[in-house]
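To begin, one chain is listed below as structure tokens, in the form predicted alone.
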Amino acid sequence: MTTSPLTPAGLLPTLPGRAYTDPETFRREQESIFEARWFCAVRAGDLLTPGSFRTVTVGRESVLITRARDGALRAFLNVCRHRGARLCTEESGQVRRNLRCPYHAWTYALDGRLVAAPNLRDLPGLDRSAYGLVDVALREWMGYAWVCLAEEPPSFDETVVGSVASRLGDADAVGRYRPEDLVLGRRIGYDVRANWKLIVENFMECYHCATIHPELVAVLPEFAGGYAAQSQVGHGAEFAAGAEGFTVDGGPGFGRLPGLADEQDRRYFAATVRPQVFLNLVPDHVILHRMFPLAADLTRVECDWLYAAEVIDAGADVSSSVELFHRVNEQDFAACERTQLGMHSRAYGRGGVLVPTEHHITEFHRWVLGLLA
């Protein structure tokens, strides 16, 4: 997978069309990117009580995340060690004490230990510790559980925390929003018939904003010029003079989150956490996207809107702020699906071009190619 040949001055080459359609390329991405990097899996608040679990697809693997008896989150490959059956077949659920395989009833504690199996006494020499569930590395940050399937995971501080700090220009910028203390106000899932890289590229640029995002441009007028906030370190797009909040009609939001710096007020900041997280920061809430690439042309996206606990506890109507980015999501994903259709065309066989306001996408392409090399 290479970029297209040299282009006229001011234009940079993209990846070729097959990079977005080829099943073998997608398999290599699963192995070398999604199974080798830190992957944002679930919101910790979704697993509040011991025995609660969620399963997520990471690359080619199903990963099981549970809340153990000691209150800690644990992650395992979702595979019984006996005959390889899928241990938990539901996306989420609650068990009372243990995880029990529905095939032969091998049973595991919430910390992954093998604790029981039919006729286990007939195997007196069995080392139970050798047949526990396979652990997956897990870190918590921003109120989410991040997992990594690599035997030696890359530095979390450098590849995850550091990537956000380098974009925002301040290691404490995200911390001031205290996302780990915010509460889920709304979650919407989208099944996007497009390659995951097209979705990342779309989120990174704003050349399309004036064309397909009228509601967003009304609140963030500088986006009409086509320059994405992510192309400039530390820059946040300023709200329109008449916009009281980050809402679909420009109406008021819910007040500034405590702890924000003055330069974070009335501004929108965005960051891409490779390979599959989009972070959106506004004064009164945080929006976080998690992508789950399922095929070369299919990506599941979960979008969370997070608010101060007192806002949700008071039963506030968050629909006006949710609706703004929900429309942006629908507009973006429809554009990505239209683009996916073109990736199959001979007209895009050698790729396309990036105009100057999209040049920062080239670095993302280099990152992908470097991991696949």
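Since we're looking at a predicted model, the values are computed, not measured. The first residue of the sequence shown is number 1, and the count goes up from there.
From this point on, the text means the form predicted together with a further copy of the same chain, which you will not see here.
At the 4.5 Å threshold, heavy atoms of L87 reach a further copy of the same chain in the model of the complex. With a 4.5 Å cutoff on heavy atoms, A347 counts as touching a further copy of the same chain in the model of the complex. Heavy atoms of Y131 reach within 4.5 Å of a further copy of the same chain in the model of the complex, making it an interface residue. Taking the partner from elsewhere, R178 is found to have every heavy atom lying beyond 4.5 Å of a further copy of the same chain in the model of the complex. Residues placing heavy atoms within 4.5 Å of a further copy of the same chain in the model of the complex fall in a single listed stretch, namely 208-216, out of 278-286, 255-263, 208-216, 242-250.
With the partner omitted here, the residue from G93, G169, P154, P102 that has a non-hydrogen atom within 4.5 angstroms of a further copy of the same chain in the model of the complex is P102. L77 is the sole member of L73, L77, A228, V115 with a non-hydrogen atom lying within 4.5 angstroms of a further copy of the same chain in the model of the complex.
Residues of 168-194 include none with a non-hydrogen atom no more than 4.5 angstroms from a further copy of the same chain in the model of the complex.
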